[in-house]
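Next up: a single chain in structure tokens, the form predicted alone.
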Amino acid sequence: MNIVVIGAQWGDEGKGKIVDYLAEGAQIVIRFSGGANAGHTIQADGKTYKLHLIPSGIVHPDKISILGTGMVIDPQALFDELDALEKQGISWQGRLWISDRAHLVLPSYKALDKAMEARRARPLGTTGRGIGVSYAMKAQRDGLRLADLYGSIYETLSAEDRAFLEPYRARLKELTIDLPTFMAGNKSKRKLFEGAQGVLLDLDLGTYPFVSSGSSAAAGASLGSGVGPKELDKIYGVFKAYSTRVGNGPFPSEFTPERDGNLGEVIRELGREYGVTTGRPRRCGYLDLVALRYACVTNSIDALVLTHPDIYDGFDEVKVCVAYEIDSERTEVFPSSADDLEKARPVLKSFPGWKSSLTECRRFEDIPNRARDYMSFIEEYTGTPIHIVSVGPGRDQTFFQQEPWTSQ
């Protein structure tokens, strides 16, 4: 049984917590895309773990964690993160591996990333960690993979790049595996595939050019993990009860002071919407069902995972975006043009608030009727069932309607 977990919005949906939750039933957890620009927060056993490169399954002591082929890895950030985990009592030796086909991020990439961003007529709001440059170098066939650290390609690097890499070469070699061979040898084991960012930031499916440089869509799980697409049994899409976005780019359902007063600030504080990696405040908006349905359709999402509905516990009403108005015309189609998305204004549908604490719920049957009506509308609109709900940061605050590790 193989399960893929992707973000169904612009990232920051709570994927890390859901991967940690599902990892209880997995044996191997593979992160298949992204780099140190990702940020996943996990709370377990009274501790908070902030992960950037390491798969969220690492917190479970009996799980194997793998950094996949589709990732771009900064060696310094990797070992800094592993050292931090060790200080928190996480022993990772012997159960963390890296694909030898994964690409590396070099210091020169970071400087180039920042310089390119400064020169852009329309800045993207990148984290400046060299992620986009590393993917660009990969596409240009000028990148550096882990497999290339020990041969002729390494000798062609600049003296500065070799000086940076030299302290890490031996340590990386101990962690390197041929991922397709490893996966073929573990075909019968339960595997969990962890994405980074969200579908709306995917290079091909997202709001181009305001996207990430890797594949955050479900298809990336196959390319980034050394298995064929037929090996993927179930795809979960994680979404929040509202929408957030970090950095620049179109955001049709974003709260505005003129229409929504201080709702954006209220949601940001209630949801603690600040970047794990950068600390930047996230832009907040209504749940965008047009975009969510687009994510479901383009990724063959089998079931949705709802996070943060408890943020609305005290609200008299809850609104969602059900269509866009673009140049005075209404549409329920997610446009490909960033210009059209910039002009889009949300058409909103209101639901009565449930005015009770979802954080106390521990099963679907505990959810009040008004909240269930809200969830049922999301399911009907997207054509996708909600199988898992998370109502707080604790593991015990996540529960399922259908057992995840089944073939149904």
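In this text, residue numbers run from 1 along the sequence as written. Fair warning: this is a prediction, and the values are worked out from it, not measured in the lab.
Separately, the form predicted in complex with inosinic acid exists; it is not shown, and the next lines address it.
Taking the partner as it appears in the predicted bound form, which of 223 to 231, 308 to 316, 82 to 90, 209 to 217 has residues with heavy atoms within 4.5 Å of inosinic acid?
-> The contacting stretch here is 209 to 217.
Taking 4.5 angstroms as the cut-off for heavy atoms, does A371 touch inosinic acid in the predicted bound form?
-> Close contact is absent here: in the predicted bound form, A371 is far from inosinic acid, nothing within 4.5 Å, heavy atoms only.
G128: heavy atom within 4.5 Å of inosinic acid in the predicted bound form?
-> It does: once inosinic acid is placed as it appears in the predicted bound form, G128 has a heavy atom within 4.5 Å of it.
Please check if G11 has a heavy atom lying within 4.5 Å of any heavy atom of inosinic acid in the predicted bound form.
-> Taking the distances in the predicted bound form, the answer for G11 is yes, it comes within 4.5 Å of inosinic acid.
Would G237 sit within 4.5 Å of inosinic acid in the predicted bound form, counting heavy atoms only?
-> No, G237 stays farther than 4.5 Å from inosinic acid in the predicted bound form.
Please state whether all three residues N37, L124 and V246 have a non-hydrogen atom within 4.5 angstroms of inosinic acid in the predicted bound form.
-> Yes: N37, L124 and V246 each sit within 4.5 Å of inosinic acid in the predicted bound form.
In the predicted bound form, the one of R280, K173, K114, R162 near inosinic acid [non-hydrogen atom within 4.5 angstroms] | By the 4.5 Å heavy-atom cutoff, the listed residue in contact is R280.
Using a 4.5 Å cut on heavy atoms, which of L78, V105, M71, L201 is close to inosinic acid in the predicted bound form?
-> The option sitting close enough to the partner is L201.
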